[in-house]
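In the form predicted on its own, a lone chain appears below as structure tokens.
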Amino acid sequence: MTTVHADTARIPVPTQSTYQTRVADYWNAEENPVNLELGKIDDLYHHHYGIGDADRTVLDEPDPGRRRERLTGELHRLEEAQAQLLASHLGQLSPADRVFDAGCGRGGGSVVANLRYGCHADGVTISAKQADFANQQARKRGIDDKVSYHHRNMLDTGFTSGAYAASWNNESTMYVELDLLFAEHARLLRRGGRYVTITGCYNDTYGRASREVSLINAHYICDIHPRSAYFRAMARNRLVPTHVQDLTQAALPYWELRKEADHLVTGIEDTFLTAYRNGSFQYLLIVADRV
């Protein structure tokens, strides 16, 4: 097992390419308020976006400090709703089961799964800084006997084959090759195990990736895949989709509200809104069984 230390500069990055090294460097340096300020509310740190109807009355708050506080809280609520939706599709899990959180970020998704099912969780991130932070949070919550985070590559974890009842990626598939990723999930999942992803993908019917998709790629140093690539790669790796849900419209209120949060905006908000509205970009939930 990789030992996680606070001094991330001394830890070899478990990468497979120069690109992955750049991604690790990005997340080791990242201190974005839109990730950190929201997580401080209840120590659930999510590295994804939100879904559902937003309470836009927060924008009418006359007191600037209170408006900022309410905006932050509402965005966090929408992100938590997204995490709960993903977790609700992980299947019938028991406290004895083990789940795998691929690209876990600062660890919020694994905590959600543990609180919901009482299960064991292993989160993997290519960022040593994120793994260290997430393990500190697990110790703070007193769940470190069941929830652990590892500085490993989600394409080659070294974990035991067939040991997991469920696994997922939450907005992290765009950093890797899908065939390599799904091969590792198929190896780790037991037969009949459940895989879930929520991801942004470009819409094949639109044509090639739009200008907005290219801007999102550049902003996050990622490579967004076409929608069809997910299903082809799953079929090649013994993952059979059982449920697909288009969350694009459900994601719009989050981005509309985030655009109004001056203390959290990153400059990519209008790009997401345009891409969703012109049909070139979609936000999908895909649930698959390992056969």
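All residue numbers refer to positions in the sequence shown, first residue = 1. Since this is a predicted model, take the numbers as computed values, not measurements.
Same protein, other form: the form predicted in complex with a small molecule, not shown, and the subject of what follows.
Trainee: Which one of these stretches, 211-219, 111-119, 68-76, 168-176, sits within 4.5 Å of the small molecule in the model of the complex when only heavy atoms are counted?
Mentor: After filtering at 4.5 Å, what remains is 168-176.
Trainee: Which of these residues, N153, S148, Q137, N203, gets a heavy atom within 4.5 Å of the small molecule in the model of the complex?
Mentor: Exactly one residue meets the criterion: N153.
Trainee: I'd like to check something about H46: if you look in the model of the complex, is any of its heavy atoms closer than or equal to 4.5 Å to a heavy atom of the small molecule?
Mentor: Yes, H46 sits close enough to the small molecule in the model of the complex that at least one of its heavy atoms falls within 4.5 Å.
Trainee: Evaluate Q130 for contact with the small molecule in the model of the complex, applying a 4.5 angstroms cut-off between non-hydrogen atoms, and reply yes or no.
Mentor: Close contact exists here: in the model of the complex, Q130 approaches the small molecule to within 4.5 Å, heavy atoms only.
Trainee: Is there a non-hydrogen atom of I268 within 4.5 angstroms of a non-hydrogen atom of the small molecule in the model of the complex?
Mentor: Heavy-atom contact with the small molecule at 4.5 Å: absent for I268.
Trainee: With the partner left out here, check for me: in the model of the complex, does some heavy atom of G193 sit within 4.5 Å of the small molecule?
Mentor: G193: no, not in contact with the small molecule in the model of the complex.
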